[in-house]
Every structure is written in C-alpha cells, then in structure tokens.
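This document opens with one chain alone, in structure tokens, the form predicted alone.
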Amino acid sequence: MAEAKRAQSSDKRQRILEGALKAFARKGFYNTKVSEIASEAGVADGTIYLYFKNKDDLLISLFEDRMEWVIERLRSELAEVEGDIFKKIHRIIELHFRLATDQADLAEFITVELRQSAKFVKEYKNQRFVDYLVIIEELVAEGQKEGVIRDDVDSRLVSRAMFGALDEVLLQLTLSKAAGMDVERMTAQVADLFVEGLKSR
C-alpha cells in the first residue's frame, strides 16, 4: 500500500512538471498562472503546493528534472560513440542543437524561461549545470592525456566557453522555431571551430 502511494505521488509530481513545461513554453514563466499549470497536469490548483512551495520552486525542480534527463542521455550517447575525442565533442554539440527540433518545449524552457526567474539566476546553486560542464571538462582532460588536445588550455574554461556558445546558438534556433535552419550544417561549423582550436599543434 505504501509503495502504491509513493508511486502515485511520484506520478502526480511528474504530471505537474510536464504541465509546467508545456505552460511555460506556451505562455512564458511570468504570464503562466499556477492554475494553468494545474489544468495542464490534470490536478486541483492546491495540489501544486503539496509538491512545490511556489512557482519559482517549481521552475527550479523542473530544471533539475529535465537536466538530469539531458545528462543521462548525453552520457549514454557518448558511450556509444566509437573513435576519437573529437567525434564525442561533435556529438555533444549535435545533441545540444537537436533539442530545438526534438524537444522544442524543453529548449525554450532552458534558453528563455529560466532567465525570467530572479530566484534561479541569483540564488540557485546550479549543480546540474556543473554536472553538464564536467562532461566536457573530462573529455578535454582525456584528450590532453592522449596528446590530441593542446595542453595549454584550461578544461574548465573550455567547458564554459563551449556551453556559452552552444546555449546562444540553441537560443537562436529556439526563437526561430528552427525554421529554415540547417541544424546539421550548424553543428558541423561549430564543432569545426572548437575542434580546430583544441587540436594539439
């Protein structure tokens, strides 16, 4: 009985997160009412507050949940890439940009809506973001150990520079709804910039 209740509670929480993602993508963080999230999730308005303190708390929880999915997907995809470090860097870039076409609501949430929450920007200790950066850092460090990546670059600086570039392009793709955008070509160009800049000389 206890397990069934926990499963039901977990399912309801996920429905609320899904509802929030859809509502935020459709109307924006500021313009979305808690009642609209509840309607999307198929729960009563008050149910939201059984799981989340307020809308900012819901936004942060949604970020953590979705970033966990992004990181798991990224690690899984990288494990399947055969070949050198640079192919893995290419795959990271491709997966990041593909969010605009494969997970449009999530892409809009990450690139646009998160910036609307002062609590998220000023107060939240963004561990999931750090986890994402660590994946890039580890690849760069591995490449340096193998001698294929320059040893005069800081892996932490590279990871932040790469994420910043990817985030900006994803924002462009998201705002344009990826209409007329050749994601494959953009991936190739950005990957080439980073790969050529990182290669051992």
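The model shown is predicted, which means the values in this text are computed figures rather than measured ones. Note that residue numbering begins at 1 and tracks the sequence as displayed.
There is another form of the same protein, the form predicted together with a further copy of the same chain; it is not shown, and what comes next is about it.
A.B. asks: Between a further copy of the same chain and 51, 64 and 135, in the predicted complex, does every residue show a non-hydrogen atom at 4.5 Å or closer?
C.D. replies: No, the candidate spot makes no contact with a further copy of the same chain.
A.B. asks: Does residue 111 reach a further copy of the same chain in the predicted complex, with heavy atoms at most 4.5 Å apart?
C.D. replies: Residue 111: contacts a further copy of the same chain in the predicted complex.
A.B. asks: Taking heavy atoms and a 4.5 Å cut-off, does residue 129 contact a further copy of the same chain in the predicted complex?
C.D. replies: It does: once a further copy of the same chain is placed as it appears in the predicted complex, residue 129 has a heavy atom within 4.5 Å of it.
A.B. asks: Is residue 164 near a further copy of the same chain? Define near as a heavy atom within 4.5 Å, in the predicted complex.
C.D. replies: Residue 164: yes, in contact with a further copy of the same chain in the predicted complex.
A.B. asks: Is the gap between residue 160 and a further copy of the same chain in the predicted complex 4.5 Å or less for some heavy atom pair?
C.D. replies: Heavy-atom contact with a further copy of the same chain at 4.5 Å: present for residue 160.
A.B. asks: Scan 145-176 and note down the residues that get a heavy atom within 4.5 Å of a further copy of the same chain in the predicted complex; none is a fine answer too.
C.D. replies: Heavy-atom contacts to a further copy of the same chain in the predicted complex: 150, 152, 153, 154, 157, 160, 161, 163, 164, 165, 167, 168, 169, 171, 172, 175.
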